[in-house]
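Quick setup: one chain, the form predicted alone, written in structure tokens, and binding and motion questions come after.
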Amino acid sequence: MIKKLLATFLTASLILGVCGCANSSGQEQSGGNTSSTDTVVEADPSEPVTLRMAWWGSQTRHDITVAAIELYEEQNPNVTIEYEFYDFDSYFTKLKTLVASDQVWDIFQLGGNFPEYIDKIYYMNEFIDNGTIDVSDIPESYLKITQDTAGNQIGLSNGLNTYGIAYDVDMFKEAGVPLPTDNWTWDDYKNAALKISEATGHYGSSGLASSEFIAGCSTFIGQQGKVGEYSFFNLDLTGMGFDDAQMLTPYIQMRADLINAGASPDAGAEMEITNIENDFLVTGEAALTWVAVNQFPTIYDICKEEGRNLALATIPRVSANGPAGSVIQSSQMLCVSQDSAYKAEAAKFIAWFQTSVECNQILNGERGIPVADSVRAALEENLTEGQQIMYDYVTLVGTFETPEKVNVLSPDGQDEVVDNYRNYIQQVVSGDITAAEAAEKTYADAEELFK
């Protein structure tokens, strides 16, 4: 069963200051768990409650999340939260085993791949209706970015987010390469990476790893033609959103050329990148990297301590006057598990995590710009340099023209398409296939999902 979520993006005038998006669809989401069919037993506040929670992320995220949990336990003495944290791949490996054994953590973090786990998510509708979760401080548009097409509240967003290119300003200047503009192109990106690599002996561009598909398929295809004319999958998720597989070829060739020139790490070197904190940009071995912008303040601070100056550029475009390919979305969300014995308690924690100013002064926007008005206002009073850059960047992206509707996820089976795509690029690097053949193979793999 293909499950989908469509996001209708607000006009630039509405999202200029606090960028966000909303869902729109008349179709009902299958799967999941509605509050009308289950009875949630409220925990006795005098009785001890143990909740299990897990997430993925950097060491910084781990440290601040643990500190937030400890604050919650201090304020709620009857609640103990047993937590686990992982890198991205390990998190979902573990989650799959828990799904199979009906032991998913009470509180768990998900992103755009939530349909794969929809049967393990307990919708929050009843907790919002009965006041367990107070959403009066969260704009409706920000609630909708974590709703399904039937309006069920899947979770609460951890923050507003989008993608960008983080780069080392001084490395660009050392190589005599112009700094990126707001409408620079993939050709500009390639030329900058090649020139910087030649001039400095470092990588011009770090690896893209799991983001290679997002950049080269989801984004690159959407940047061609008019705004909203093409998408990798169509809006109904019943087939492809473009007809010519060769639209993929230029990006594949560009990435292979950079790797073969030593201007970007090969597959072996890329495996050394286990999280954003040891990305080659952060270690000083690359001039730029693709980044989810909620990660930017962390790497900005790391580099600043070393006397290095990072900046944030927009995603390169296919053509300078073409679609930006950038949208505002939810970074991740926290969900209540269907397997939880304390669903209401889990919902209370999630509500506190997203709306408590005191909690978010610890979290400090690391997962993205907060969705609660009071939290966002409080944090804006004391933004670090890196956070201010992130806020300004999200504001900028909010001004770009975007399609009225976009897919924020893809059909079941996408993971294999993503893995194959990355392998095809490496086969182009090794000369086993051409970029045109890699494009045809990628298109065929994706099209197969609908047969």
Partner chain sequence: MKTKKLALKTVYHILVIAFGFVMIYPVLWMISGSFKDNSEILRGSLSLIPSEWKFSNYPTGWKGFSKISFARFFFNSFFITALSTFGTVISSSLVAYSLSRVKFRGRRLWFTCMLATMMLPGQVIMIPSFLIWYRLGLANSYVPLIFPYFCGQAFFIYQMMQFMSGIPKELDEAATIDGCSKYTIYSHIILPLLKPAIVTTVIIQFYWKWDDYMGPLLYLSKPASYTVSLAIKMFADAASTTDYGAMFAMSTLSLLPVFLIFLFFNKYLVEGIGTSGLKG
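Numbering follows the first chain given and starts at 1. Just so you know, these numbers come straight off a predicted model, no measurement behind them.
The discussion below concerns the form predicted together with its partner chain, not included here.
Note on the partner interface in the model of the complex: the residue among S101, Q75, Q246, N130 having a heavy atom within 4.5 angstroms of its partner chain is S101.
When you look in the model of the complex, the only residue of D236, E198, D87, D170 with a non-hydrogen atom within 4.5 Å of its partner chain is D87. Looking at its partner chain in the model of the complex, residues Q59, T97 and T274 each place a heavy atom within 4.5 Å of it. Looking at D392, you'd find every heavy atom of it more than 4.5 angstroms from its partner chain in the model of the complex. Although the partner is absent here, N278 is a contact residue: one of its heavy atoms lies within 4.5 angstroms of its partner chain in the model of the complex. Within this chain, E385 is remote from the site of its partner chain in the model of the complex, having no heavy atom within 4.5 Å. Contact check for L396: every heavy atom lies farther than 4.5 Å from its partner chain in the model of the complex. The candidate stretches are 76 to 84, 212 to 220, 153 to 161, 130 to 138, and the one lying within 4.5 Å of its partner chain in the model of the complex by heavy atoms is 76 to 84.
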